[in-house]
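Heads up, the chain below is alone and in the form predicted alone; it's given as structure tokens.
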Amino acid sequence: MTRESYEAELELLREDITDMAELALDRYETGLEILETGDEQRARQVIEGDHELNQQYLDIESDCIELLALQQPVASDLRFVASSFKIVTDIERVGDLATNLARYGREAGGGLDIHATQIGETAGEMFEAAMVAYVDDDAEAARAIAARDDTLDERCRETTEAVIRDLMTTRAWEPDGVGQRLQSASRELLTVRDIERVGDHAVNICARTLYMVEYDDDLIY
């Protein structure tokens, strides 16, 4: 394989990963909408469509292995392929979390009132920005995005505490309302947890980008 064709293979890998990230982000944003609307049809589309992301993950993983095994990249190319191999796992996990949100919204019939839209949008913005940093080889952007995670974690903590506080003070503790309220609170807490994890995956992508560009493993450990 000539250097030109090899570089074309690397660029194709980056494009495939970007396409997969765009699909995962679209599914995630749809999941956030379903939390509010409870749309049965859209929820089913997100959940049943997860296999598409899974297949993309397997295809890209295979491409990475082939590049590592057959082309034996060195230096910066090796870091690019190795980092891409890790990043695609984070993208696939965001797709899984999107299906979780779709399920929560569908089961609740919408109306999950935990400010999930606001914190969910923040996590989605971090994920999208992390992928831009990866595509642009932008180490400084990766550091800045990762630094936002503390704020997201704090907002998730505050929301979790609000859900628990509401659960402890609610008047819906009549026998007929206990099970329903506990189930609702459980969905709300799981939603916050999964949104926080999207932010964590964004940080992981930033960490691998920083390692790829500057050989800096600071965010990894």
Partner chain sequence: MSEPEPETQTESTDEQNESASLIDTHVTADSETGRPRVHGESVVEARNLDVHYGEEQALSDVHLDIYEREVTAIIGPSGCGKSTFLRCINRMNDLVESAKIDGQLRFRGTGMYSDEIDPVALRRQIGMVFQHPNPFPKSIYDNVAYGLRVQNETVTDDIVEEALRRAALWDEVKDQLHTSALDLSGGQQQRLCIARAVAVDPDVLLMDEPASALDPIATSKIENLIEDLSQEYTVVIVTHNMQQAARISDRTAVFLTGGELVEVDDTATIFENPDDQRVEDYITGKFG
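Computed from a prediction, not measured in an experiment: that's the story for all the values here. Numbering follows the first chain given and starts at 1.
Below, we turn to the form predicted together with its partner chain, even though it does not appear here.
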All of T18, E61 and E196 within 4.5 Å of its partner chain in the predicted bound form, heavy atom check: no
Segment assignment from 102-110, 67-75, 118-126, 145-153: heavy atom within 4.5 Å of its partner chain in the predicted bound form: 67-75
Close approach of R79 to its partner chain in the predicted bound form, 4.5 Å, heavy atom: yes
Stretch 179-214 - residues with a heavy atom within 4.5 Å of its partner chain in the predicted bound form: Y211
